[in-house]
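As a starting point, one isolated chain is supplied in structure tokens, in the form predicted on its own.
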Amino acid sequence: MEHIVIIGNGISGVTAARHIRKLSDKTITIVSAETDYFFSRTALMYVYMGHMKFEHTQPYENWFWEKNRIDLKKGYVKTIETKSKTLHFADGDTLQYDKLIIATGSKPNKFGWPGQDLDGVMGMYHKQDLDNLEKHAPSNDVCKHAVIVGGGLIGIELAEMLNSRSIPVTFLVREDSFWNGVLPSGESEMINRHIKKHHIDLRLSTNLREIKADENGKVKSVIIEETGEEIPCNVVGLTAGVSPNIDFLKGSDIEVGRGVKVNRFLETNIKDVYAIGDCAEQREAIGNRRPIEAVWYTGRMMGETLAQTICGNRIEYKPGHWFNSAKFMDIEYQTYGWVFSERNKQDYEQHFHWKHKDDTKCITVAYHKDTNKFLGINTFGIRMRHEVFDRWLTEERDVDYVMKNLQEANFDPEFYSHYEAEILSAYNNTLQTT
């Protein structure tokens, strides 16, 4: 029986295992050192905030794995010997495979800051990070102050988590406005104001110089690069992005760049070795998409696609139109298609921006300035339907059509206020004055 070994039990690896089982009778082993079973990584914040228990983050009951004959091996893979198709583990164990799927996900970026490995310094990505946070910041009696370094989506999640336990937070963001490498300025500035409204000490254009230790080797403060200011704290969250978790592949014959290099079929340079999810790096660009996408749904899609190939139906990975969603404290964010920040904007890209007077709702619509073709939309505080925008992008609708039919895309619950008429009026006024 062909043995499929999957390193990593995140969304990519588990989806691949589930779909291989649906399609075949192959032997399947998932290798992981993090937790016994797959859990929803995006739900970790809600465990800390008291909305659920950790066991609620497991999408499958424990009997699911045995029933579906998916074996788990707990351990760290140290090296891979591709000629003999053997995994070597840190504890000395070995495991043979016929086909290998690398789905090891991401790890928090560290930039060589002095003190970055001290007790009380953590990312917010793994189950171990949650345990660490619970240990060092169970309450504001134990943790008097926390510092977060890095202004992405994980950073703002961690700020919200600490805020929920009334732990004062200083938030160090290198850019001059929050996430402005991704968001257009109107949106980024609205989020700046929203963070400050939650009594979080947001420091823009600010870098970390070092993390200082007390006499027990625990965090006691951070030093700001620009001013030399020392900020006392008990916890430091490093959330300056993530990078592929592939250190164990150094020295192997599997080709790596920032991630594991794969073609459109998710195949590496070595026969019978594949990579999916956050750790996979596309050799060839797929439209405007980045070569590495640390996004939940693309990991799931890669797992589904690769399962077909593993089971004899070799198909190309086609992620379709870009979309994503997140939460900035209590403002929900969705993006469909492409809306670039001023820093990354295409020459042909024109934006229409509308913001509600309550400063918690806005949209930005991107379109081609010459053809009026709709390119994408960002929406904050107003829920929009993915399938509607996906269809409009496929049909290559023009921006006028999209603006006139925005109501069709609205997904807010019954009795919520609707803003489509106000948005359309603002859009028409903009056209008349340009």
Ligand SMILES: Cc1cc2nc3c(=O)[nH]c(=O)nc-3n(C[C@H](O)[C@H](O)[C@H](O)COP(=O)(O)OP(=O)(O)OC[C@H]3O[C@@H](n4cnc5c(N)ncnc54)[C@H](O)[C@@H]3O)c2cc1C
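Throughout, we count residues from 1 along the sequence that is shown. Quick caveat: nothing in here was measured; it's all calculated off a predicted structure.
Keep in mind that the form predicted together with the named molecule is not shown, yet the notes after this line are about it.
Inset, instruction - May I ask you to choose, among 291, 241, 217, 75, the residue with a heavy atom within 4.5 Å of the named molecule in the predicted bound form? - result: Flagged contact: 75.
Inset, instruction - Consider the chain as shown here, without its partner, and state which of 106, 206, 234, 364 has a heavy atom within 4.5 Å of the named molecule in the predicted bound form. - result: Looking at the other structure, the residue within range turns out to be 106.
Legend entry - in the predicted bound form, segment of 178-186, 209-217, 318-326, 265-273 with a heavy atom within 4.5 Å of the named molecule: Going by heavy atoms within 4.5 Å, the stretch is 318-326.
Legend entry - Proximity of residue 173 to the named molecule in the predicted bound form, heavy atoms at 4.5 Å: Residue 173 lies outside the contact set for the named molecule.
Legend entry - the named molecule contact in the predicted bound form: residue 377, any heavy atom under 4.5 Å: No, residue 377 stays farther than 4.5 Å from the named molecule in the predicted bound form.
Legend entry - the named molecule contact in the predicted bound form: residue 7, any heavy atom under 4.5 Å: Within the cut-off, so yes.
Inset, instruction - Determine whether any heavy atom of residue 295 comes within 4.5 Å of a heavy atom of the named molecule in the predicted bound form, and answer yes or no. - result: Contact with the named molecule, yes.
Legend entry - in the predicted bound form, residues of 124-157 near the named molecule [heavy atom within 4.5 Å]: Going through 124-157 in order - heavy atoms within 4.5 Å of the named molecule in the predicted bound form - the hits are 124, 125, 126, 154, 157.
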